Every structure is written in C-alpha cells, then in structure tokens.
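This document contains two forms of one protein chain, each encoded as structure tokens and listed individually as structure 1 and structure 2.
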Structure 1
C-alpha cells in the first residue's frame, strides 16, 4: 500500500460517515508507515475465524470489530490466548453474545482474528491534532502509569529521533525502561522509531485527528516492539 492507499481507506470511512477506522483498517494504514502491526484478518463467521487462526498460527486473539465500540474489553469484546480451533469457535460466539447483551445497539462488522503478541512491557504512544499546534505526540507506560498517574511526555510534531529519545527519559517511571529487579532493559530504539513514524503519519494525513496505540508490547533490547491495539480517529 502507498500513501494514496491511506487516503483511500480514510475516504471510504468518511463516505460511510465513520469517525473511526476499524481496527484492521488502522493496521493497514499504519503498515504503510512501516509501524510494527500484528498479523490480523477479519472474520464474519466462526469458520472464517478458524481458517484465519490457522493461517496466522496459534495462539490468537479475537476482538469485536464495530464502528460504535471504543473500549472493546468493557463489553466482553476481547479474548486472548486461544490455542485451538475449538477455543476460537467458542470465543467467536461468546464475543458476539456478550456484545449483543452489553451493547445491543452497536453495529457489528465482524471479529478480528489477531496474532497473540508475546508478553512485554506495555507502553502507549498516541497523537492528537491540536487546532493551534498541530499534531502532538504522547508517550507513556501502559495501565496505571497513564490512567492513574498521568505519567506521560509530549512533543509537537515534527518529532525527531532526538526528541523521541528525550520523551522516553522525561516520564517519571523512565527507569523501568532500563530494567529493574531482574527484568531486562527495553528496546528503546524500537519505541523511538514508532514515535518518529507516527509523527510523520500525522503530518502527512491532516484528516486524522487522533491515534492511540495502546498497548504496544515493548520487548527486551534488540527484540523490538509490537502494537497490540490501534485506534485511529478521523474528521468527517
């Protein structure tokens, strides 16, 4: 896909009156910028889900795909670590059942079958387009670090490699990235690379208002990082 393809995906969503790219669309546009997205495919039926899981390789993750659902786990829309065809079939039906009960009005496009990303340190990279300053990039550690402690750092785009390196050092919990109590230091280069590429993506595509990569699994030094969830919002 080229950068034109990114615009095509965005225009299709706008034509359908959607302010949010579906998760697989989000991966398609981020992949154009060489961001580390997981393997994934959209299933409409349980049998499709099993076929995709076999292509991707077990274990897999299943997720509800709906333009109306922002927090998928809140409505029972995420199942991780499914290891067999049987578990995938069950997971598929259980997700649809739970979403029907907890978000009865949500339109359901299908279920995303996704590569299970190995455990890592969960970090977040995000961007919001400020009306005055343009794209602002954010970095933080996942979970309570962001949600409770608001321990994040910011930069206005364009974010250079040097800026991104500094962002990693500016959070209060920066030491965790260097390893603690026997946990290894993280691959900071891979995180810097994600921030710089997301900055470029935001600069190139003015219709994108927000991107939230939450979580990104950050692996030990030399082993990279991988995005496990992506939300891309657009202007309509």
Structure 2
C-alpha cells in the first residue's frame, strides 16, 4: 500500500458514511508509514481465522469488526490468548454468536485476527486536528497517568526528532522511561520514531481528524515498541 492507497481507504470509509476506520483499515494505513502495528488480518469464516492465526503465530487475539460496535468487550466481541487452531475456531464462533445475541442489528464485517502483543510499559501517542493550529501530537504514559493525572505533553506538527525527544522528558513521570526501582529503561528511540511518523501521517492526510494509538507497549531499551490498538477518525 502507498500513500495514495491510504487516501483510497479513507475515501471508501467516507463513501460508506463512516467517521472511523475499521481496525484492520487503521492498521493497514499506519503500516504504510512504517508504524509498528501488530500482524493482523480480517477473517470472514472460522477456517480463515485459523489460517491467519497460523501465519501470524500463536498466541493471537480475536476482535469483532463492525462499524456499529464501539465497545467490543461489552458484546463478547474479544478473545485473547488463543494458542491453538481449535481455540481460534471456537473463539471465532463464540464471538459471532455473542454479537448476534447482544447486538443483533450490528453490521458485522468479520473478525480481526491479531498477534498478541507482549506486555510492556503502556504509553499513549495520539493526534487531533485543531481548527487553528492543525495537527497536534500528544504523548503520555498509559493507565492512571493519562486517565487520572492527565500527565501528557503536546507539540504542533510538524514534529521533529528533537521535538519528540523533548516530549518524552516533559511528562512528570518521565523517570519511569529511564528505569525505576528495578524496572529496565525503555526504548525511547522507538517512541520518538512513532511520534515523528504519526506527525507525518497527519500532515499528509488532511481528512484524518484524530488518531489514538493506545496502548503502545514500550519494551526494554533496544527492543522497540508495538502498537496494541489503534483508532483513526476521519471527516465525512
């Protein structure tokens, strides 16, 4: 996929009256910018899900893909830690059965089969398009740091490598990234890379209003980072 293909995905969603890219679409467009999204694919049938799981490698996560379902877990639309073909097949059928019962009117596109991202320090990178300033980038640690303490830093795009490095130092909990009380230092270069690439993505695609990469698992220094979930909103 190229940058032009990204625009095609966005235009297809707009033509369908959607303000949000489906999860596999979000991963596809972010992958164009070499952002570290998980290996994933869309399955329409149980056998497709098994084939994708074998290609991706176990364990995997299954998630319902529907433009009408916001909170997947509330309708039984998520299965995690599946380790065998049998578990994937059962999980696939269980998700579709549960969604049919709890959200009977929801349009179902399929089931996302995704690699299970290893645990790491949870961080968040996001962007919103301000009507005056254009794309604004945000960085923060996950969980209580962002939800309760609002411990985040901001920059207006374009964000340089130096800008992104400075963003990492501006949050109150910055020491955690350097290693704290026996926890290892995190791969800051990988986080800087994500911020800079997301800035470029927002600059290139004016129809994108918001991107939320949450959580990103930040691994030990030298081991990178991986996006575990992504949300991309667009103008219609």
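Quantities reported herein were computed from a predicted structural model and do not represent experimental measurements. Rigid core (definition): largest C-alpha set, two forms, superposition within 1.5 Å. Positions refer to the first chain, counted from 1.
> Since only one of the two is the form predicted on its own, can you say which one?
Pick structure 2; the other is not the form predicted on its own.
> Core-aligned, does residue 131 move its Cα 2 Å or more between the two structures?
Stays below the 2 Å threshold, so no.
> Against the rigid core, is the Cα displacement of residue 45 between the two structures at least 2 Å?
Yes; that C-alpha moves by at least 2 Å between the two structures.
> How many degrees of rotation separate the smaller rigid part's two orientations between the two structures when the larger part is superposed on C-alpha atoms?
Comparing the two forms, the smaller part rotates by 14 degrees relative to the larger.
> Following alignment on the rigid core, what Cα displacement (Å) is computed for residue 75 between the two structures?
Shift of residue 75 at C-alpha, rigid core superposed: 4.4 Å.
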